[in-house]
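Read the single chain below, which is given as structure tokens and is the form predicted alone.
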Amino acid sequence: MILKALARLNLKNKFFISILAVILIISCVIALLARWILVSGLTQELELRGTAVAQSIAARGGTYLLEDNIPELLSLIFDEKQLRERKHLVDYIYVENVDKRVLCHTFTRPFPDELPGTNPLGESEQKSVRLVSLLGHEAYDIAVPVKEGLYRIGTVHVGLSKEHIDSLVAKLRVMFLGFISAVIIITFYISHRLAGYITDPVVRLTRISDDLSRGSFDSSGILDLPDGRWNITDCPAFSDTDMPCWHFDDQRKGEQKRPDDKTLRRCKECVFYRKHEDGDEVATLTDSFRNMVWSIRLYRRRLSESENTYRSLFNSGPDPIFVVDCTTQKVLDANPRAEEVYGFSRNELVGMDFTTLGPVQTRECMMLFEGGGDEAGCVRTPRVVHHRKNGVPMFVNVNACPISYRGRPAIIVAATDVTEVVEKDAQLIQASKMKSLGEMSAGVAHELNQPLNAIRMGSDFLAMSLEQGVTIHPEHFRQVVTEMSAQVDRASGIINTLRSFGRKADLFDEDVNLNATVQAVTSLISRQFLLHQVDIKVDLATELPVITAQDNRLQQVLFNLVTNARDAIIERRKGMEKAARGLIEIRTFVDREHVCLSVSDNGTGIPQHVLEKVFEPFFTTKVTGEGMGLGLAISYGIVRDYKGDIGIRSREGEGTTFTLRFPKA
């Protein structure tokens, strides 16, 4: 019960009550012991004094007793009773002879009848002390013998007033009570001040802790006690938070230390972490708490600087930046650039489903971060189609990284508007295709001449038969007309293929079958390549999966590869009298989760030191005027746009194989 009540008290009262209780118990024990010693000593002293008085009368009154000089004996006992302070202590004195007859006494009234015989003295006793009742009060009766030589001739009784002795004891008790009271008051005061002195730092630290837990540093300034030997601003890292450790180590000055040397993280004489070398545990705790508060202040300042930097970058970033909830995919925050580019106000963006801005690729990107995402990595998705508020599409490169936003997993998404770059890229590809069309013009003309000549021959035959009046057999007539129609279809197919290749590519992706791409390109260039004695061998896989790309752009990639293969074959035949026919093999196949297209030739091959540079823009091994070095660079960019890659396997003098790999749609 006491312990429970004590547990509910604060530390100050615990100290106060504990100190007070201990001191009071000790004081009471000492007082009781002292009282017992003093009272006992006082009583014994008074008895000794009474005995001395009785013995003095016995010694001096023996002669008067033998001479039966009662008046002198009476005068003697009155003198002894009235001597100085004895008149209050000695209540009575009387003398008996051996027959127990009272010879004289100091009573001013008749001698009490009950007194004789109340304190008999034995023959061999030298003293007898007994408490007797006398006329309504009590007295300590002390009896000593009166002797003459070896014979006992009488007895002297001295009565000590018990009331007087009790009065003396009461005065002594009051004195002790006063002493105890003084001790209690002094102990109370000292205990209260001592408990306050001990617990004040703890109370102060508790108040500061409460403020810190509420995010306030207002009261922490009371720890900045004047101390001439300690000033946090003396720490070099206090004003330079870019230091690897703000426990700046001046050991580095003039010394060469390894970057991983852990001694660099602590100064020889750190001005920050300082503690009193003397003092109690509370003082040490205060120093530790002050160091902790300063650490929190510094880290908070660094955090504030970091947040301000982040906020500045976020608000002034040249690209739209979004903070997206990892689970709900709702926009949690957006910078002013996002409002400017997308046309939405910040209030409209906050709370919007981020996939609304770009339904397809954005959703795929967000799926990578479901459940918190991978903290170690970011995701970059190029050329994602987003839509502005007015519905106008645009292309953006999306960089998404996982972060923690206000205590929950989120993604910070930077969307770089690359619409202009995509359009210029399309223009560059279109220009490259126009150049290719120019190169194909001779072969296309030759390809078109054949059906036109066939049609011309059929029409001439029909005209001549009409002029000469020759009757044409119906079956022969039907055959001629059918052949003319087939040649028209052939010419129309060539023109459509040429038109498809020459048109400007769309900016949006579609499902593409690489077999169709190969057939479209080879139908245009196969006859032209035959003029250069280059055969094209096509091996297409059946039931080839589709990929996500643009057929028109892939045609440009394939055209660049086969024309480079043709040029390599022509280059190899230079200076040879009987060169073998050139061969270009085009093959499509499936490699696990990828759809592949390979183009192999038996040309000159590519030197090893050139392989690493073939995809660099404007890098070419051709003579000036025959190539700008952009074909492979454009092809590489197109393949990468569709998450594909290009592999090269070449040996100088034997030929080269380009292999394109695309993920299945």
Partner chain sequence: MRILVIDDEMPTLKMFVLILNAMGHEVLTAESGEQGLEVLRAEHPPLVLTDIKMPGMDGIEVLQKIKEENQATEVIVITGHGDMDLAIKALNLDATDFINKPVRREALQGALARAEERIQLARSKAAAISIYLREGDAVIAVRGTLSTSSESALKDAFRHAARSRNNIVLDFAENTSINGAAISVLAECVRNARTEGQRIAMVGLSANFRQVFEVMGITRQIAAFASLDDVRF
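Positions refer to the first chain, counted from 1. Since the model is a prediction, treat every value here as computed from it, not as a measurement. Think of the rigid core as the biggest set of C-alphas that the two forms share within 1.5 Å after superposition.
If you look for the form predicted in complex with its partner chain, you will not find it shown, but the lines that follow are about it.
Consider residue 523 of the chain shown here, and say whether it contacts its partner chain in the model of the complex, taking contact as heavy atoms within 4.5 Å. No, residue 523 sits far enough from its partner chain in the model of the complex that none of its heavy atoms falls within 4.5 Å.
In the model of the complex, residue 454 touching its partner chain (heavy atom, 4.5 Å): Taking the distances in the model of the complex, the answer for residue 454 is yes, it comes within 4.5 Å of its partner chain.
With the partner left out here, check for me: in the model of the complex, does some heavy atom of residue 483 sit within 4.5 Å of its partner chain? Heavy-atom contact with its partner chain at 4.5 Å: present for residue 483.
Consider residue 487 of the chain shown here, and say whether it contacts its partner chain in the model of the complex, taking contact as heavy atoms within 4.5 Å. The answer is yes: residue 487 has a heavy atom within 4.5 Å of its partner chain.
Looking at heavy atoms inside 4.5 Å, which stretch does its partner chain contact in the model of the complex, given the options 72-80, 92-100, 192-200, 471-479? Among the listed stretches, the partner-contacting one is 471-479.
Option touching its partner chain, based on a heavy atom within 4.5 Å in the model of the complex, out of 283, 170, 131, 464: It is 464.
Just to be sure I understand the contacts: of 116, 458, 409, 545, which is the one whose heavy atoms reach within 4.5 angstroms of its partner chain in the model of the complex? Looking at 116, 458, 409, 545 one by one, just 458 meets the 4.5 Å heavy-atom criterion.
Heavy atom within 4.5 Å of its partner chain in the model of the complex - qualifying residues of 511-541: In sequence order, 527, 530, 531, 533 come within 4.5 Å of the partner.
Do you see a C-alpha shift of 2 Å or more at residue 480 between this form and the one not shown, with the core held fixed? Yes, because once the rigid core is superposed, the C-alpha of residue 480 moves 2 Å or more between this form and the one not shown.
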